[in-house]
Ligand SMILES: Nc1nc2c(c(=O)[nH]1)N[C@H]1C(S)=C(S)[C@@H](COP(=O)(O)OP(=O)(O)OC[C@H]3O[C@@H](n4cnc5c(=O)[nH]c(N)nc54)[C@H](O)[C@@H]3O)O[C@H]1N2
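One chain follows as structure tokens, the form predicted alone.
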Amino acid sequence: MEKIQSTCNFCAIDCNLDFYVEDGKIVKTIPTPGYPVNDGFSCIKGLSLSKQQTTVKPNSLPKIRQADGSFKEVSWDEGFSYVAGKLKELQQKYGTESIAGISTGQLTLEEFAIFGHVMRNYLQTNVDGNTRLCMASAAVAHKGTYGYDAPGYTLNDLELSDTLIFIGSNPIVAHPIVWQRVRNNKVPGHKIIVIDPRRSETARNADYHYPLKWRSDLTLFYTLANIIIENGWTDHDFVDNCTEKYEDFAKFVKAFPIERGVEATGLTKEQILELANLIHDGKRVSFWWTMGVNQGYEAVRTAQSIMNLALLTGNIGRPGTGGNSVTGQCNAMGSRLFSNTTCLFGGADFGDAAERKRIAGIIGIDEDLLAKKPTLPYNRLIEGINAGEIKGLWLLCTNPRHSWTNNETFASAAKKLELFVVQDIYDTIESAEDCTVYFPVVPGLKKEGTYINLERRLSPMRPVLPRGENEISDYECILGVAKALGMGPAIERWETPRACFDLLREVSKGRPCDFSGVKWDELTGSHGRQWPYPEGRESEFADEQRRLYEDHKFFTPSGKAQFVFEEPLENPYPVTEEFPLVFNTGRGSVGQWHTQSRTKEVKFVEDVSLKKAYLYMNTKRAEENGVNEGDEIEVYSVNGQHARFMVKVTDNVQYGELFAPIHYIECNKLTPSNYDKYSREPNYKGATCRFEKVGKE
């Protein structure tokens, strides 16, 4: 029996697992003991990865839709040639940007890079990813405050903090390993604080829960900042030496007296003062936010208001501190830094002439072939298809027919495409229903590459199972199309994931994310490596748990962190007489993942998950409307759509709110086409609605 260590490719924790393999089959899966991230622990999703060995179709070949609507199976070479020909044909007929790509946060580092190289560099077109749906707001916020998309913490900080504040974050369900680390915290008297409109699973297990009104976070954090400054609680030593724009910020937050905070949030004066005192009294305060913040109409400024509090109180760079974003998908950070979409490889600026020349030399192309500008964002791609401007789309490892906001707009777009390539493990996902080409690829158990987790740790994915006949990886699929396009010398250095990794190592040199000291073979079977890890200085960076900003140096031109702030915007979708309820969304259970295209294959998850879309309604609201547990209601959204849900009655949601799990296609039928103006991340938590009880049929 052979033991093979690899990385779970569900969430951004990137747990490592030991797979015991015999005769080409997994017979046992054990979370890797001693691995710094999960140390012998895993959630049900990771443990269920081995189920994919029996659920993914073996020996699959590409399929091309015929004139009569049927599919014809073809060889891989024929599939590559067909797609390459159509991509070039559409560009010649309609223009360079008439084709586009949408990827994911679940591919390997190398797959992001080669897809970005083919589409953004060689074809000079647009590619965005579903990381836009979860982490764009955090990335933009990091750049504005820290100077680079560089969250500074290590997961060990969860065990070292004496005051842990979770904002729009529910780790018990969404990130069980994060919660395990919280449970491991042995700091005497440590406090767990949750700021969330909903009494989530995490809120129910916290010491303090502040159930603020929907989308009042930004005003709350400015109010807290004002209280801290007025009481003389600012850490002036840190602020004066390590930050800029403090005086402007202090003047700005004077407009947020506690009365304004009370009015906006619905919290009492006593609650807001209590929270301010908890922050002040903490010696190691850590702020943790995730999708409840990122998926909003002013998400970037909200994230920066959280980091402002950390800066204001000197809770940066020390053990157990930080303004910390909790990432969603397994390689969202890899996508952000190396997909070539919003920045050149390694986080470089598209207009940086010296970096352009350096990167072009490393990857082996003419400098003029490098992408020249950031991609059009996800929403512009969908809008462009519906407007008739984009005629071809290549979709990798994501399911926007289900997950895109106001998802009927994607359903409409898919039908207008002349070329719609879906590359995925499953041909059963909703997005594949209208595809013109389907590329079947292997799951992570059969491929190799690298992931970067939420704490900047590079982890290896290594093949656990042998390939069957005709089975290829996402990387090989993209490479096949690249060769069919006639890229020639521009693709010569990209022949394997390992070769690509070495290119990216070289590209990362001198960048904040420098991992030039990480070797492919040394990464295999290791404890992973957090960036930075520069070549020639390995001994300086040998610790397995490393945080950034301990030296109080940031990545801005001045080396100082920035206070960034702005007057809160008017809510684009306020509650009205017609739409009096808030439609909130989030995770349903630990076992469910995104659109359930993967976890629905796991019998245990299916057994404990409801088959019908459901939502939670406040007990008083249900009583007033004659709604009982298990009744069905039709929900009408401000976006003009409606969908049916089964009701679960609870006091854990506020009277003015409905809460729906994201795992059912009905959920994002109702979310609005509205985006943060800086990150262009969808305002998933932003719909308002009304409902009608459905009579018994």
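Heads up: residue numbers just count along the shown sequence, starting at 1. In this text, all values refer to a predicted model and were calculated from it rather than measured experimentally.
One more form of this protein, predicted in complex with the ligand, exists but is not displayed; see below.
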Are all three of 329, 590 and 668 close to the ligand in the model of the complex, meaning a heavy atom of each within 4.5 Å?
yes
The one residue among 325, 125, 305, 130 placing a heavy atom within 4.5 Å of the ligand in the model of the complex is 130
Checking 597, 156, 436, 265 against the ligand in the model of the complex, the residue with a non-hydrogen atom inside 4.5 angstroms turns out to be 597
(request) Check whether residue 426 has any heavy atom within 4.5 Å of a heavy atom of the ligand in the model of the complex, and answer yes or no. (result) yes
Is residue 249 a contact residue for the ligand in the model of the complex, using a 4.5 Å heavy atom cut-off?
no
**Asked** residue 116 near the ligand in the model of the complex, any heavy atom under 4.5 Å?
**Response** no
Item to complete: Examine residue 337 and determine whether its closest non-hydrogen atom to the ligand in the model of the complex is within 4.5 angstroms.
Response: no
Assert contact_stretch over 390-398, 533-541, 278-286, 142-150 against the ligand in the model of the complex, heavy atom within 4.5 Å, equals 390-398
Restricting to 138-170, the residues within 4.5 Å of the ligand in the model of the complex through any heavy atom are 167, 168, 169, 170
